[in-house]
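Subsequent text provides structure tokens for two forms of one protein chain, presented individually as structure 1 and structure 2.
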Structure 1
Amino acid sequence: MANIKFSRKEFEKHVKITEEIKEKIALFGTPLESLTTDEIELEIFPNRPDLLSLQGYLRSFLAFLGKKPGLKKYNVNKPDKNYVVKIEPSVKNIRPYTVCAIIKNLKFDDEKIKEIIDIQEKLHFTFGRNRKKVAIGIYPLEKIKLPITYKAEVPEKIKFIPLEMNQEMNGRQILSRHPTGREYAHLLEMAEKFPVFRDDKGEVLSMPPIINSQLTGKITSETKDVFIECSGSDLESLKKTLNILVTTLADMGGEIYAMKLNYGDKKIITPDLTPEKFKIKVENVNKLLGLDLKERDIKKLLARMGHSYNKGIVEVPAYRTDILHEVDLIEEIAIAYGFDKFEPEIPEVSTIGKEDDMEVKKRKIAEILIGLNLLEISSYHLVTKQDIKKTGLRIKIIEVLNSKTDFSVLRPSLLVNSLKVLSENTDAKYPQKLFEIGKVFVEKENIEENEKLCITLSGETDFTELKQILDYLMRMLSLEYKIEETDHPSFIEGRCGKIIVNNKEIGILGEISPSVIKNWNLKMPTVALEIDIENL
């Protein structure tokens, strides 16, 4: 998810922000995050990268308000003779596609340059999946000699002065020394050859998706015309990104020129701003929304979302990335209609509710134990390696990958968690009588999850009290049980038993061994039991 900030002054040149407009902003699906005298901050959902610029946002929002409804037309000029990018087959295995355009007659000042860099970064981060899927380069046309070649070269041969540096570096050096190079090194470092754009003089423009050249890839306030390229792995996404960029720049006053891309024998021309066509049925709209809209209502509502409708066909702007199916357009209609205008209703269908059997059992067990004055605790399913060690367990642990905290082990037993709770509560009044019901994880052929019950008594209490609790629980659940002596690293030898129901071992009980008590810094003698309740 991305939050964007616009200048309030620029925004209010088009729409004054009133209470009503604030409500409209929410109902348009762009939650208002904050509003100051200088700035307005909005959240843009990942399906709408076209709203990440002020131009793109206003284009759609003004249509939504009914001020400028309908499909906005953009003029794309035919490419001049040398508006050509040659794509060599060498890029195929590393970053196979690029799509390009030229925009002329822009007026840049520091403010505008910053705005464009902002849009570029937002698109990189969201739709571009952090430059992996899409990376964007924008270059001052006056510094470049067309046509341009896109190819892959051995990194040592790619030599240029990258942005923010004052000396020439080669491809490898950039990945290891340049800050941006280091940040995105993982996208290239496995490759033998790195992608590069070169102009007709052989000057390096950039090494995508890492960095532009200081000489040929930096926009200044002198710049009027720009060359834009998007490179990446998915042609469709690249085209969409280019469309978002060129329409934004056109809204800033630029003129769009197409370019010819030569993929060997295959030639394509970009950008292509032809609207995409979708079929829609009035009947489907009304069925899904529970409304009774006429065709002309639908036409009007779709216009509010920047689309055009004619005889069952919707034309969708070429910069929209999120329309995959008729249902997406039906949602557009619902948004234009206004989520606040729908009358909520519950259909009269009778169904019978049912609680899961295991949940019923768990609740009953909890009720029995509460009756015995035990306090329920609830702890994390993840524990630390230290926790396992302190409990004296010598088992193969199941770990999650790359945890951001020390909590990386799926708990093998609730006893670990209960002892941890006791150790964190040595200042609370004793006796402390606790229980927890929850899942533990055991690795067999697959990882199994078992519902367990753990009881710990700490302070002035003893094994007999614990056994009495077990006995009461078993009687209340009408279960016959036996206890047989056993050994367990967490318990004192000779004071530990396994609990058997229907000839099956369901758990263990005993007095916690002093070494485990010391590991956990517990102050009081403690007894504990843990049983499987899944198969009771």
Structure 2
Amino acid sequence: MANIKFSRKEFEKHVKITEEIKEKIALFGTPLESLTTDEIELEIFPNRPDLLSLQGYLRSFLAFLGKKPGLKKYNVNKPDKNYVVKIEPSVKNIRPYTVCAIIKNLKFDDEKIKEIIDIQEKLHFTFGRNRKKVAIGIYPLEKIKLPITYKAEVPEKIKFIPLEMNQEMNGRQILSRHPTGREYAHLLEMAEKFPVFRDDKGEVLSMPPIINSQLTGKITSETKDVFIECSGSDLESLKKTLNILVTTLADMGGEIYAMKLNYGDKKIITPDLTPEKFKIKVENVNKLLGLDLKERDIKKLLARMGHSYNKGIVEVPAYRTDILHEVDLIEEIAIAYGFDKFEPEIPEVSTIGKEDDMEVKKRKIAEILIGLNLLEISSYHLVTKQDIKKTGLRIKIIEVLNSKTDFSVLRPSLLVNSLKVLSENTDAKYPQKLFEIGKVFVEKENIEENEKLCITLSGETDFTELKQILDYLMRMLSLEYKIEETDHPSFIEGRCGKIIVNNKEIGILGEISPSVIKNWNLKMPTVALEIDIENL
């Protein structure tokens, strides 16, 4: 969650703050934290990064109030001849993606510059996962010669004057000497090459995700046109971030221009503000909310949340990151309808509450492992086909229909997710000791769900420590077990065993094979076990 502060004067140019409006702000899902004669402070939940700017908040809140309902459309001008960014293959293993845009005819003053810096940092901290997932750069276009190149270079060859400094430094020096460089050094310090944006004259724009150049990366009140780039590891997240930024600047009076991105043979144009389309059924809305809404009511309520509706199809703004499914749109309808209007009902059934036996077992196992200084993780049920391939598993996959992302396969093993978490945290301190309790999915006559436990240890640890953890867990659960040698594609041959309890195989443990470690770009030896806790 993030708290944002807006100028009360600027806010009240659009909405006068009364007691009724205070209630509306709360019902909109953005609790009012404080209100002074100069400022209004609101709490924004992580699922709505589009509300982190005054422009973004007012756009959605005015629609909610019914003053400016419906889908707001923005014009994106076609890219000019030199509006090109070349992405070289050298960034593939560092920060492989970037999306870019140009905004023209802006009128900056000190207040607007502060607003831009604020939303940039709020997006970095929340949606961007503290710059690890998304990093943003905004540059004065008049100081840049297009086209632009995004590539990776040896850090000693990246030389420029970083923001708020007057001395030239190379990439390594920035990580050790610049305050921002020291703060985010962990994102690059293990890399052999650092990503860098250069213009057509070879001038450095920035070294993402660390710092911009003082020469080409600082906007002032004289700036009229800006170049925006977002870099990171997830292309869809970058596109959403760029859409949030360009629509914010457009609401400040700017004009949006697209850019051509050349990924070798693949070429894309950003930003793309085409609304996403979702299907919704009136009967599903009423069944879930317990209401009796007509189609015209749903159309009106969706318009108050900034969407458009026509014959069962909802168009969602391209800057919304939180709409993934029909149920998310039903929640939007509930917000617009007003949670204060729902009447609570006592169900006409008599029940006695009791904690599920499986939940008791899971909680006890978790408490034991936390007591051994293991860190609990919780990951998604969906993985990618590539994730399964990296883990060495040769199994029949269960694929979901109409997935909007590459995450289209129900996980067959918790080990897949655990290795993914390790691969995304190679910059964290070692040893890393993780466990997860969750469902996996296998297809037999039907699709079956099984509760499993996975423990992974990486770094200054070995098989002996893993077995000691298993010994302690089984002792605390009053169970006896034995290990018999076996083979498994994820583990080293001869260093893998199946776990037997009451003459029944319940799991496997061993040392992860070098090929799997290489596939996941892990930096340390790793051991793991996975057991079926339903059979304990």
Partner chain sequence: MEIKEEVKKIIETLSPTERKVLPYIEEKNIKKIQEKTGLSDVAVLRALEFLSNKKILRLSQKKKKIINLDINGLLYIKKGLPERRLLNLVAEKKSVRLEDAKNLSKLSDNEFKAALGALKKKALINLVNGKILLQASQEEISKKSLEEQFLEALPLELEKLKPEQKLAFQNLKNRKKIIIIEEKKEINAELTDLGKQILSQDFTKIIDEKMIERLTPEIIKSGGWKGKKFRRYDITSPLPKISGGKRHFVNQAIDYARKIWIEMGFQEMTGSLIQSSFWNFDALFTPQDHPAREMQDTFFIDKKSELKNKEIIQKVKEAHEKGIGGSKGWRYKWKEEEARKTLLRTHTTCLSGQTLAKLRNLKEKKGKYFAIGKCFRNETLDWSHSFEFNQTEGIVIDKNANFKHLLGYLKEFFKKMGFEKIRFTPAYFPYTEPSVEINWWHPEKKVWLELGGAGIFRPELTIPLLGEHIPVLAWGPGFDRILMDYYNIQDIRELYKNDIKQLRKIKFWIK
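Between two forms, the rigid core is defined as the largest C-alpha subset superposing within 1.5 Å. All figures in this text were calculated on a predicted structure; none of them were measured in a lab. All residue numbers here refer to structure 1's sequence, counted from 1.
Matching the description of the form predicted together with its partner chain is structure 1; structure 2 comes from elsewhere. When two forms of a protein are overlaid on their rigid core, residues whose CA moves 2 Å or more are considered shifted, and N243 is not one of them between structures 1 and 2. Here S34 does not count as shifted, since its C-alpha moves by less than 2 Å between structures 1 and 2 after the core is aligned. The chain behaves as two rigid parts between structures 1 and 2, and the smaller of them turns through 68 degrees against the larger.
Core superposition places the C-alpha of I352 3.2 Å apart between structures 1 and 2.
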